[in-house]
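So this first bit is one chain, no partners, the form predicted on its own, shown in structure tokens.
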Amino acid sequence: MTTDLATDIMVSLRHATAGPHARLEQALGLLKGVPDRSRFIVFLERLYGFHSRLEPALLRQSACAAFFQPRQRLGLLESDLIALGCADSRLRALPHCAEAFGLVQSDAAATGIMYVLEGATLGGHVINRSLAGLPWMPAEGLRSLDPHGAETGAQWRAFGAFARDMQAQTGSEPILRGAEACFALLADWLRPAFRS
């Protein structure tokens, strides 16, 4: 597969991450059946620990910071965990993924990483709907899974435009490497939340 400017970066990203994405989705099992509350909380806690180190690194990248700033999810994850009954003391004691900070080496790598995060909102939109009405779910749903709500499609298209602009500046390879590295680390970090 060609990964130069002749190939749309969103197509290249989808192909490059299809395998890791499918494996992670299957291991988590969140789109198949109703997840157990305690395991789902572990999933959100692990995401919280991942975002706590990744988001500050993304905000340090000059070209990505302004685009990513309104897309941060750390505060939403914290609010959702509290709504699910996690005490402040538990939140403060959660482990953080120190390696996530090191993923962000450039604006191009950050763009690949944001592809993973933005793609997660597409799945999160579906998961949030499937969980609606469960007795342990907050009545308003989980904002961290579905931060864009009705604007999910529009926000995905906006990210595509941003990624294409970055591709024109940097080429495809560093963007693809960023996405692949993010998937690899995220899969390893989320392992405690995998379906047994």
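Heads up: residue numbers just count along the shown sequence, starting at 1. This one's a predicted model, so the numbers in the text were calculated from it and none came from an experiment.
If you look for the form predicted together with a small molecule, you will not find it shown, but the lines that follow are about it.
The closest non-hydrogen atom of L122 lies within 4.5 Å of the small molecule in the model of the complex.
A residue is said to contact a partner when one of its heavy atoms sits within 4.5 Å of a partner heavy atom; L31 meets this definition for the small molecule in the model of the complex. In the model of the complex, none of the heavy atoms of E173 sits within 4.5 Å of a heavy atom of the small molecule. In the model of the complex, at least one heavy atom of L47 sits within 4.5 Å of a heavy atom of the small molecule. None of 61-69, 124-132, 146-154, 164-172 except one has non-hydrogen atoms within 4.5 angstroms of the small molecule in the model of the complex; the exception is 124-132.
For a residue to qualify, one of its non-hydrogen atoms must sit within 4.5 Å of the small molecule in the model of the complex; all three of R14, V116 and F183 qualify.
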